[in-house]
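Only one chain is given next, in structure tokens, and it is the form predicted alone.
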Amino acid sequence: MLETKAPTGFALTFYRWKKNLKTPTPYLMTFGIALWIGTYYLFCEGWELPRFNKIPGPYVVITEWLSRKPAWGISLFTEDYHGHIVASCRRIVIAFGIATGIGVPLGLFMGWSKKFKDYSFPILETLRPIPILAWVPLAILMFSGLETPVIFLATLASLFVTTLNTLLGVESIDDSYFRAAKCLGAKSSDIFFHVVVPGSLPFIFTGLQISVGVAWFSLVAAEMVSGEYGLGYMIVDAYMNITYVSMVIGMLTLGFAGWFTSALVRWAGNRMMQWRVRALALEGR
């Protein structure tokens, strides 16, 4: 009897895409998006409901967004719009990179060593509930300029999520794996790199997807308070100048940017966990 070989690479992606088309998921997703846009249009432009009469509708927003000569100054073809996107994306890359570089090792060591966790976990749990906006005055006092405080605030919010999910990932590993490794004569370093790290990867990448989203909304909050460029600054500036179309364009841009960065993290996770992707694909998930 011939053994069935699991799909890999592009074949695996095509296999999952083909299986996905046989499920209701893509069609329900398309229906959900269409329903949202239709409701948005009816509330703002169709029925002109009182609570939505100041909010620009989808037709006005899309027309302005695609205009080469925008009436309100922001569109796909304006330099300022691209400048805001580049500024925010640069800050996110730096903040997310720092949070991942610190949070993942910190979470691994907290899960690996009970003594280290006893020292560090109370500090983490004390600082984690403090809202990011409460850190704004301290960040401005600690760091000079306008760039560093914004990056610090985005890093801080992302760090807590990354560390906690990594810790949960280590704690979720079954003790039988540790016992089996010790019975086979594995050293502590071997157990750490061959049991702890791979076993916690699903939790780590789930945490990173949440972390990049947290970094985005923390960044925007920081840019609204302390910043000269960025999507958060663009949104609050549009609100102050009563250019609500530009404000909605900035919000939608944030949504697309957040979705794209989450998709990148998901893709990286799938590349690093091919064993898990193959198992899910063979299960039809």
Partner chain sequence: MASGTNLSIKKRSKFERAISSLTFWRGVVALLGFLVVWEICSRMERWTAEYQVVEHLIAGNETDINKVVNEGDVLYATIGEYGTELNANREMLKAWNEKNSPMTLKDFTKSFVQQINKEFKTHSANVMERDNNLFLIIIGNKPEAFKTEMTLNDKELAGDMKSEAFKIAVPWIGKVPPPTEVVEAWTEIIGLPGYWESWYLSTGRVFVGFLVAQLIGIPFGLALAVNRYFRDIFFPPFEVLRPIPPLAWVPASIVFWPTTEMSIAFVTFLGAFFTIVINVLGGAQSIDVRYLRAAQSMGATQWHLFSKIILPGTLPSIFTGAAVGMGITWEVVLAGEMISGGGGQQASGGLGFFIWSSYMGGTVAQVIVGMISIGIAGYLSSSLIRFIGDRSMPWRRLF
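This structure is a prediction, so every number in the text was calculated from the model and none was measured. Numbering follows the first chain given and starts at 1. Rigid core (definition): largest C-alpha set, two forms, superposition within 1.5 Å.
Unshown form predicted together with the partner chain; subsequent notes refer to it.
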{"query": "Residue stretch of 124-132, 158-166, 67-75, 87-95 approaching the partner chain in the predicted bound form, non-hydrogen atom distance within 4.5 Å", "finding": "124-132"}
{"query": "Interface membership of P137, the partner chain in the predicted bound form, 4.5 Å heavy atom rule", "finding": "yes"}
{"query": "Exercise: W47 in contact with the partner chain in the predicted bound form, heavy atom 4.5 Å", "finding": "no"}
{"query": "Non-hydrogen atom contact Y244 with the partner chain in the predicted bound form at 4.5 angstroms", "finding": "yes"}
{"query": "is_contact(Y59, the partner chain) in the predicted bound form, heavy atom dist at most 4.5 Å", "finding": "no"}
{"query": "Those residues of 53-67 which, in the predicted bound form, come within 4.5 Å of the partner chain by heavy atom", "finding": "K54, I55"}
{"query": "Core-aligned C-alpha movement of G255 between this form and the one not shown reaching 2 Å", "finding": "no"}
{"query": "Threshold 2 Å Cα movement between this form and the one not shown for L66, core superposed", "finding": "no"}
